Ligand code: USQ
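Below you will find one chain, with nothing else, as structure tokens; this is the form predicted on its own, and questions on how it binds or moves follow later.
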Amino acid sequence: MSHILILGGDGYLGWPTAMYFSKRGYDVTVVDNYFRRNACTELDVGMLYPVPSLIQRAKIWNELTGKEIKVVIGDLTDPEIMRSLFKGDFEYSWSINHKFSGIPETVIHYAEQPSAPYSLINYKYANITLQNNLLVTNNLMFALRDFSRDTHVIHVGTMGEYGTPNIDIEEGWLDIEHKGRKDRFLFPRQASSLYHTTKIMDTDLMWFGVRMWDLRITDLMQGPVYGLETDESEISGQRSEVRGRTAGRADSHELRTIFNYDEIFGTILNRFIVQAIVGYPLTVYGKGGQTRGYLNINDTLQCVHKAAETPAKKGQLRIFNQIMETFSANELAEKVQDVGRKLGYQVKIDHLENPRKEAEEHYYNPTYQGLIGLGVKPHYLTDEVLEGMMRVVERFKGNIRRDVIFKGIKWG
């Protein structure tokens, strides 16, 4: 199978993606510099459970499956580190044979500061966001130009690039007729944070690389993701023969992804579920009419896999809207409240003064059929899915710190 290079392989999406491709026989290399872990430590925000280092995770995965995920620890804002991944003149932080896998057929690009609130804490965190996100993407574009223009890039963008326009949101492109002439343009962008602004700039950088150097890029405009379990993450909790001994059934979380529940790095549904379990009123901002597109973490894995199987053509920037269904903040809170009450929790909803600058009531009708057309089979947000997430969070209830759930980082 082909060589997959995952940038940002330690993150909420990066590590599950690495296991997903490895299980299916791909030669997987992951790169990370622990940005998110270090940021969580610096800002003193909690994780639901401790997570082994990236190298430890790779060793556990190898022990349980016999498959190898090669690890490189490095800062991709350094152009020479990025370029070394295509030239082969780097050292693996962990692998079995330390043999260069060759130029990757596919690069999956998650290596960005992923939080809108983080980008607006103050000017220093805004600068970190701009520097990290734009330098990594630009370094990747030039590495591709100089070493491998045939490599397919799958970049995970965000639906937040579009904002909440008063027209239907197409999948990346819009056909315009103006004064009797027609042309096709990137759909207008209007970000609501500096993080989302960097994602717009990513798209522009990649569109430039496609036009100038005939690169092949798929940009996935992803909505907020929820969930913490995938088929691969639960391998460590199953009975397996491992090096002559039996691995017992467990509540093991060693292969599960990083799970944040704070307002900086936790996504909205993940936060609501943790809040429900510890009796913290669900933090709905303002009127709660903010509507977004959502997807299960397992669908993120499907989407990047289908995109890898059917790569963009040379000289093509292919854009898909990566969501499976839409909800308002009120609708999500009510779903969590209903399921929580069935499980015996007294879940309350609190409408807080909105710390963000955003439309709380708006039109929202995105198109999102492209990935389903490639064969993605959606997981929908059912009561059973919510109950399953709550049952997992219950096991780690003692780890939850109420003081980090909400601090009120303001946009204004």
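In case it trips you up, residue 1 is the first one in the sequence shown, and so on. Since the structure is predicted, the reported quantities are computational estimates derived from the model, not experimental observations.
This protein has a second form, the form predicted in complex with the ligand, left out of what is shown; the following refers to that one.
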| item | value |
| --- | --- |
| Triple contact flag Tyr125, Thr197 and Met201 to the ligand in the predicted bound form, non-hydrogen atom at 4.5 angstroms | no |
| Among the candidates Gly340, Gly209, Gly160, Gly227, the residue which, in the predicted bound form, approaches the ligand to within 4.5 Å (heavy atoms) | Gly160 |
| Proximity to the ligand in the predicted bound form, single hit among Trp94, Phe187, Tyr285, Tyr280 (heavy atom within 4.5 Å) | Tyr285 |
| Ile268 within 4.5 Å of the ligand in the predicted bound form, heavy atoms | yes |
| In the predicted bound form, Phe272 touching the ligand (heavy atom, 4.5 Å) | yes |
| Any non-hydrogen atom of Asn321 within 4.5 angstroms of the ligand in the predicted bound form | no |
| Heavy atom of Arg356 within 4.5 Å of the ligand in the predicted bound form | yes |
| Segment assignment from 303-311, 215-223, 167-175, 102-110: heavy atom within 4.5 Å of the ligand in the predicted bound form | 215-223 |
| Residues of stretch 316-330 in contact with the ligand in the predicted bound form (4.5 Å, non-hydrogen atom) | Ala329 |
